[in-house]
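What follows is a pair of forms of the same protein chain, given separately as structure tokens and numbered structure 1 and structure 2.
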Structure 1
Amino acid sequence: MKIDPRHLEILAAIVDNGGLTEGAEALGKSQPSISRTLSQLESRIGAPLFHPGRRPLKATELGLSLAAQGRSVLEATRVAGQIVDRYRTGHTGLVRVAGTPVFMDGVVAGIIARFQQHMPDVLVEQSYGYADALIDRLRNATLDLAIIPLQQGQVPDDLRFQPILPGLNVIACRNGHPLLRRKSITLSDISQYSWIAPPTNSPLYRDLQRALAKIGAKDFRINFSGGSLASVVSILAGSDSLTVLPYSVVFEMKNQNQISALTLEIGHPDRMLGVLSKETPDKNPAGERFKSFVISQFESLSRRINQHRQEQLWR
């Protein structure tokens, strides 16, 4: 015999709360509703679930057995409700985030780590890519958030770009690099060192070219190209090579005492690092929560960077 699980819930509520009135209260329903459901259930089963005429209500053996099952149903729905609530408040779910490799490794990875300390049940799925590909993925809903440098004019109408940091690049070198001891750096100082180049299709590579053009270096040696941030940093730290990195990345890595930035103006690209997402986001509470966390973390990073630069100026 198939029994409606809601009837079992109601039975459990009556038994566990000691009466129709209390049971109805506990379920947030009216007492007559509960009363009728109970009679209905009893007549279907063909046996009393409570000893008739006795008050306070005392369940029969059968009533008690069924109430035990009702308790189990109640617990399952409670847990289910909790799962949904956690999902809707973004405490659970899946966030798919992507960005340019160097930013993801150098800055965003740390932000994700901090996010997961608060939201351990959110699964963050990270991947890499550049603007065009990520815009496609945002559009076909295989990505929730892109963290990329972008020019304001490049932002499509159906997407929303929230800029965070100016696209500030620096020349990076190992800690203790000879150039760091110079008060002022000339082109000839630089030209004796070779360069580590980012992947040629990356914005950073174009930045490198632009930076070198700006400071007048026509002829430069590249002794390493491609590779993720970790390899770049390793090579940088173990040699006197130079490279171009976003300042934020160098800033975040300064605790590790491996690399530093030359105080040489190389001109900023006309871009902002920012968060790109759908104008009308698909409902993904965890994604929304992650997005605002990322933005707040970037704001905090931005403040720390500005503060640091001011301190540098004071010297």
Structure 2
Amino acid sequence: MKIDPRHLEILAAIVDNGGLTEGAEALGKSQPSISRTLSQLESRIGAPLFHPGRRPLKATELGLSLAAQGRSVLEATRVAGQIVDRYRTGHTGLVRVAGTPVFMDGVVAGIIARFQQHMPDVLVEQSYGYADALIDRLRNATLDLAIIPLQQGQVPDDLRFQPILPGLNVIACRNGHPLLRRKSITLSDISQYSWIAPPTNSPLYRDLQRALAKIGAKDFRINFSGGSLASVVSILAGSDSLTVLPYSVVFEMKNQNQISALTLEIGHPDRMLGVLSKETPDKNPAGERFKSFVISQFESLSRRINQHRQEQLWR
């Protein structure tokens, strides 16, 4: 026999509140409608749910058993409502975010950790890629956000790009590197050291080439190329090699006490790091909440970087 769960909810309210009138008030319904529902349920079952002639109402054993099931329905309805509310407010859900490896590992991973301190029930799926591939993933709805560096002219018309950090690169080295002790750095000082090159298909590799050309380094030795940010940092920390990294990455890693930046201007890339998403995003409250959090975190990071640069003597 199939019983309408709403009828069980009403039965539980009548039993728990001690009468038809009280049950109706608890549910925000009229007493006549509650009475009709009770009569329908008893007709459906073919047995009384309350002892006749008793005042106040006293449920039969069957009525008590069915009322217990009604409480379960009410609780399940309450929990389901909470689940929907948490989803609508972005407290639960799935966020798919990707970006260039150096920024994702050096900066965004820490932002994700801070986000999940406040939103532990949001699942964040992180992956890696460069602009062309990530633009395709945004268009085919396999990605919610891309955090990538772009020039203004590279932004597709059908996507939205929100700049979060200006391009700013530095020459990175290990803490305690001999160049850090020099008051001024010349090309001959740098030329004796080998270089770590980013992956050749990355924007950072082109930045390295431009930076070396700007400072006049035509012939330079590369002793390591490719690899993850973790491997690059490990090699930097254990050698006198140099590399070019975004200043935000070096700045965020300063507490690890492994790498530093030479105070030497090498020119800045003509692009901005930003959040790329659909112009009219799919309904994903968790994704929108995460996007707002990322933007606010980068605004704070940008202020701290600017303050730190003003306190340094850049040559």
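By rigid core we mean the largest C-alpha set that fits within 1.5 Å across both forms. Here, a residue number simply tells you its place in the sequence of structure 1, counted from 1. All values derive from a computational prediction rather than experimental measurement.
Matching each structure to its source, the form predicted in complex with a further copy of the same chain turns out to be structure 1. Splitting the chain into two rigid parts for the change between structure 1 and structure 2, with each C-alpha assigned to the part whose superposition fits it better, puts Leu180 and Arg304 in the same part. Relative to the larger rigid part, the smaller one is rotated between structure 1 and structure 2 by 11°, as taken from C-alpha superpositions. Comparison between structure 1 and structure 2 places the CA of Gln31 3.9 angstrom away from its other position, after core fitting. With the core fitted, the CA of His51 sits 4.1 Å away from its counterpart between structure 1 and structure 2.
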